[in-house]
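In the form predicted alone, a lone chain appears below as structure tokens.
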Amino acid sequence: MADVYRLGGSLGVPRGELHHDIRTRFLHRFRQLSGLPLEDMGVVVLQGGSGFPLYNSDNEMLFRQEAYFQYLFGVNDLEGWYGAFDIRTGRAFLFMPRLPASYAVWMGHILRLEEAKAKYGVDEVRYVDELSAVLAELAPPCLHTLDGGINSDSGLPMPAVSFDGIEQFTVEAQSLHPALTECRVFKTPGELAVMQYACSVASAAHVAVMQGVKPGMFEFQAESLYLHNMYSQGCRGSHYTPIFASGSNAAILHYGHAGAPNGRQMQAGELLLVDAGAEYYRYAADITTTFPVGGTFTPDQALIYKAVLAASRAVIAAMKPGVRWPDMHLLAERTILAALQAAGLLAGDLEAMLEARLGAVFMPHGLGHFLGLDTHDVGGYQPGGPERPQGAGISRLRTARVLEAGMVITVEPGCYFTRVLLEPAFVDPLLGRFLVEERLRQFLDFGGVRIEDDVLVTADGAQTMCDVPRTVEDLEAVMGGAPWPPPKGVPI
């Protein structure tokens, strides 16, 4: 039996059970989707990740395992490994580097073969230099690899598997990537337990920021509160660079990068948009909250916030198996535009606004993305699946699929007032006719609002995995010191 992964007092993850379930599910999925006759099916071979040096220095980035490799085999913590999975028999093999004794001086205990077998719960563990010999003993008709499979979010291909002796085998690189990617789209109960833990940790860290932020603090000080709370619960990283965007910075969708390092001093009367997740056992949470630095929404801030919250709630209420994801994006746009129209920021026919793609001026990104081992998880655009929609904003959707039970997808509508989009729109004959320019110019330094939940599609609907205050009233109460979640039976 494999060991239980745990960092400190955090969630225990039974590696063997989790990845045995994944491999069993994958085995059936591959046999269904590969299109290969049984006699042509062979052995899956995956190459784990390796270290990344920092340019030409002797320093390395913190190692994170290659996601497909961890998914099948559960080796989340060590580099230079290979894995093999025999489609014909269901037997799983791991191959570990043969390390010199000096490794233990610098890096710690070197696993023995039997220790690795017990730790990761596979059928057999050998050394990497024995990989070719073991595969030859298995005598597969081919090796199934991920070579060249394209990530539809990054556009980057999977590198070719490489090991000494691979040239003696027939490599089949067409069927594995789509089948293994499709398997990752649907989460097992074990995966959902890990993701729920990451979401719970991230939710609590967001609340800690709400209760700790004060006017005059810098954005990075709020970020440090978040990271401390997250790490104290065993989530060593946030899975992506956190965004702590105050004032007009909140209209910058990927603020927080090295060129804009969460460095602004926050002022009373501004909103703070926090897009920050958590990583546990390589699985991601991804949550966005937006709240007033001084603890109280202004009327204009409450107006925009309630519009985005209405969009979020409308989408989650409408989500269920059989629903097209592009339709959810359009529902979010419709809800936000209707609220702006009712508040006098827009004028004209709502249907004409949607047809003109006015929604992209205020929400230039897609509604959400799959979530799992990657923040933008794989499977958005699969061979034979729906094509990417065309049109401003909606073309940014990371998937156009029909929802199915077991998917985890983010719901993150937003409304931003971005000069680089609004100024051209004011003079655009197609878009400008809907814009009440005098009123909208009052919002050019507003920034924006985004609300993001991690949502599981269930058999008959959908449910959020997050637990943060969302209404204006709850946010103001929590920032004023009220507990969250509120005690049962006690109104906040």
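Sequential numbering from 1, following the sequence displayed. The structure presented is a predicted model; accordingly, all values stated were derived computationally and were not measured.
There is another form of the same protein, the form predicted in complex with another copy of the chain; it is not shown, and what comes next is about it.
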Check, residue by residue, if 3, 192 and 464 all come within 4.5 Å of another copy of the chain in the predicted bound form, counting heavy atoms only.
no
Listed residue that, although another copy of the chain is not shown, lies within 4.5 Å of it in the predicted bound form (heavy atoms), from 302, 421, 405, 330
421
Sort through 324, 91, 98, 396 and report the residue having a heavy atom within 4.5 Å of another copy of the chain in the predicted bound form.
396
How about residue 441 - does it come within 4.5 Å of another copy of the chain in the predicted bound form, if we only consider non-hydrogen atoms?
no
Find out whether any non-hydrogen atom of residue 427 is located within 4.5 angstroms of another copy of the chain in the predicted bound form, and reply yes or no.
no
In the predicted bound form, does residue 480 come within 4.5 Å of another copy of the chain, counting heavy atoms only?
no
Is there a heavy atom of residue 172 lying 4.5 Å or less from a heavy atom of another copy of the chain in the predicted bound form?
no
Quick check for you: of 307-315, 218-226, 204-212, 293-301, which stretch puts a non-hydrogen atom within 4.5 Å of another copy of the chain in the predicted bound form?
218-226
Given a 4.5 Å distance limit between heavy atoms, list every residue of 55-83 close to another copy of the chain in the predicted bound form, or none if there are none.
55, 56, 57, 58, 59, 60, 61, 62, 63, 64, 65, 66, 77, 78
